[in-house]
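Take a look at this single chain in structure tokens; it is the form predicted on its own.
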């Protein structure tokens, strides 16, 4: 039987590892001094495209951005 004593604290807090990792990354980025902070924040932006498929062929792709300022 597994012991609950070995449970990571992020799991005990009800978080996933990805959520915990994102929180830690944001804390580190906010602690950086300029110009490193601006550089790190610019790498945080994510761009992706979405295509709807009809009859096995993609329609025109839509470019999306997942960044807080857009």
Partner chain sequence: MVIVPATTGQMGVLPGHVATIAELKPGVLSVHEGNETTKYFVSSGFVFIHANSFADIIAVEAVPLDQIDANLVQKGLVEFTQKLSSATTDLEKAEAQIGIDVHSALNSALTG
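Every value quoted in this text rests on a predicted model; they were computed, and no experiment measured them. Residue numbers count along the first chain shown, from 1. By rigid core we mean the largest C-alpha set that fits within 1.5 Å across both forms.
What comes next is about the form predicted together with its partner chain, which is not displayed.
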Even though its partner chain is not shown here, does it sit in the predicted bound form so that 38, 46 and 48 each have a heavy atom within 4.5 Å? no
Does any part of residue 53 reach within 4.5 Å of its partner chain in the predicted bound form? Heavy atoms only, please. no
Consider residue 61 of the chain shown here, and say whether it contacts its partner chain in the predicted bound form, taking contact as heavy atoms within 4.5 Å. no
Considering only 23 to 38, what residues come within 4.5 Å of its partner chain in the predicted bound form, judged by heavy atoms? 23, 24, 25, 27, 28, 29, 30, 31, 32, 33, 36, 37
Superpose on the rigid core, then tell me if the C-alpha of residue 42 is displaced by 2 angstroms or more between the shown form and the other one. yes
